[in-house]
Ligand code: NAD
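First, one chain by itself in structure tokens, the form predicted on its own.
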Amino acid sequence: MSKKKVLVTGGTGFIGSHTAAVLLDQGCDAVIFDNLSNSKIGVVDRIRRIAARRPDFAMGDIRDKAALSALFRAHDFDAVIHFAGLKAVGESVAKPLPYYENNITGSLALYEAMGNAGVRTLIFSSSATVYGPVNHVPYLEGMPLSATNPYGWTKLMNEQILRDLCAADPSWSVALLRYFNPGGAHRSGLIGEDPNGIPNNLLPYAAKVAAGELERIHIFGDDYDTPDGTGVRDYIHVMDLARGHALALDWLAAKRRGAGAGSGATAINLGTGKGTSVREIIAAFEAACGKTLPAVVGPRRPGDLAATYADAGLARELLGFETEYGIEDICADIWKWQQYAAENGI
């Protein structure tokens, strides 16, 4: 990767912090813009310890147009990676308006600021939720899109906004990276997923149970049409995911050089291409932490699907992307991070 200056919105969050560390390690300059609503400022110094360089940090909210204008005046960015947004599915159902205001209105303000500054290379943090409830696995990028909750709709709406923007102005070059189920932590154990309150996702929840902070894992349904009856998901290590963003930046730059303009908006799955069940995750985490994790089976959650996993062929073809880490690595690295966080009061 040639040296670039990259704005990382939401860069102190889980995926954003790991991506910032990868960018710095590869010689880029990273500037983090975050309101710290679901993250902590201490992440910035721990990124410095990992990369031996500190990312620049600017405190701010993507809905603040004045703050965005000042940010783009202060830096000559080559590209933006847009992670900032609210992300809890259940909360989005209970509180849809804040999700639409933050994830849509805030994103529109960001895109406007980018256009005004002449920065038209963007990676958008999308999600496999855009495939909706009716497609069959594995999910392919060309499948019909839909959503079942406000969070998912904000991802799908952003994708459409960016397609329309690229169609109207061909100088834009956009990658819509659709994540599956991120997990793991930096191999050093210095940064990892650190959500406020009780985690919504299985892996950080299992870590809290292993640490004795939560009583038991809740398995939502064991009567699905899957090998062991529990839900199957495509779990990708956060370091593989972060590396995928660096590859996408290089791909967008190459497309821009080759075409002399933008490359439109391209959707790309970032997943492993295979699924792992809830019970398999619990067993892998038990092996990682050396403990038995209490679990209780309850009814299915409304809207949960039996299995979701990616077709990862396009990421291999366009980005040269291959995952390096498996479920055992994901669980071992989460446990290392969990122990570091407990020992250091994080």
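All residue numbers refer to positions in the sequence shown, first residue = 1. Quick caveat: nothing in here was measured; it's all calculated off a predicted structure.
Omitted here: the form predicted in complex with this ligand. The next part is about that form.
- Checking Gly275, Gly244, Gly85, Pro150 against this ligand in the predicted complex, a heavy atom within 4.5 Å turns up for just one residue: Gly85.
- Taking the partner from elsewhere, no residue among His186, Phe285 and Thr323 has a non-hydrogen atom within 4.5 angstroms of this ligand in the predicted complex.
- Here the chain stands alone, but in the predicted complex its contact with this ligand, taken as any heavy atom within 4.5 Å, falls in 120-128 among 137-145, 120-128, 249-257, 165-173.
- Proximity of Lys155 to this ligand in the predicted complex falls within the 4.5 Å heavy atom cutoff.
- Interface residue remark: Asp29 is not counted as part of the site for this ligand in the predicted complex, having no heavy atom within 4.5 Å.
- In the predicted complex, this ligand lies farther than 4.5 Å from every heavy atom of Ile334.
- Taking non-hydrogen atoms only, Ile62 approaches this ligand to within 4.5 angstroms in the predicted complex.
- Along 328-345, no residue reaches a heavy atom to within 4.5 Å of this ligand in the predicted complex.
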